[in-house]
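The chain that follows stands alone, in the form predicted on its own, written as structure tokens.
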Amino acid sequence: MLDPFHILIAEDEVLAAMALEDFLSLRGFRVTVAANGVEALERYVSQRVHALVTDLRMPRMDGQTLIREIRERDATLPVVVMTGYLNQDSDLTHERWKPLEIFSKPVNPRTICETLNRMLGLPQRA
């Protein structure tokens, strides 16, 4: 059996992180949750990760800085951003951050799952 795709979630809202973790796990993904950007970067460096799902506003390191740090190591890692504070002038809308999808909170976990499946080239999981 193939190892499941590993998704790293960086989200400081515990209930939102748990709900997304449960939803993705039930659909066959391996999920690691980090409560802030520093913890997420540490997990990223120490584990093989296939995609990142991150909030933008978090303690210790914000999501945009986290994405920038990860992009220095892997320019092609799929990234899904969930935020309630998207600034239209955000640098994240620039083409250099792709592959990247941005969603305003609240986000349905099914939408995140469908986006990850598409970005990872996987069949849709119900």
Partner chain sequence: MALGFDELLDTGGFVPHGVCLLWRPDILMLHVGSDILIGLSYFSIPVALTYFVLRRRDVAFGWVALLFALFIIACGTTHFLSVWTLWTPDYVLEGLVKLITAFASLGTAAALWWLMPRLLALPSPRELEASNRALAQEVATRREMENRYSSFFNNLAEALFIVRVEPDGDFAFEAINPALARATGLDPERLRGQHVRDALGPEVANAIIPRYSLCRDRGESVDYEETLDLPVGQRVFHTVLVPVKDAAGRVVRILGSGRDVTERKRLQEEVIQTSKMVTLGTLAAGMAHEMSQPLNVIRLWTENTLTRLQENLLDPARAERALKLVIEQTDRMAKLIDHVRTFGRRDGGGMQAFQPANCIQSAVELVRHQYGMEDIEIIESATSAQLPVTGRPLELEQVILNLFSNARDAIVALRATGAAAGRIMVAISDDRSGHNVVIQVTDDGGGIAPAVLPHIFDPFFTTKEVGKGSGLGLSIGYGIIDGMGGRVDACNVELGGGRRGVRFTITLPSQPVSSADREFSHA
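Numbering follows the first chain given and starts at 1. Keep in mind it's a predicted model, so treat the numbers as computed, not measured.
Below, we refer to the form predicted together with the partner chain, which is not included among the displayed structures.
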{"property": "The partner chain: the contacting residue among H50, R30, R60, R68 in the model of the complex [heavy atom, 4.5 Å]", "result": "R60"}
{"property": "Touches the partner chain in the model of the complex: D55 (any heavy atom, 4.5 Å)", "result": "yes"}
{"property": "Proximity of R118 to the partner chain in the model of the complex, heavy atoms at 4.5 Å", "result": "no"}
{"property": "Non-hydrogen atom contact E114 with the partner chain in the model of the complex at 4.5 angstroms", "result": "no"}
{"property": "Heavy atom of L26 within 4.5 Å of the partner chain in the model of the complex", "result": "yes"}
{"property": "The partner chain in the model of the complex - contacting residues of 10 to 48, heavy atom within 4.5 Å", "result": "E11, D12, E13, L15, A16, M18, A19, L20, D22, F23, L26, R27"}
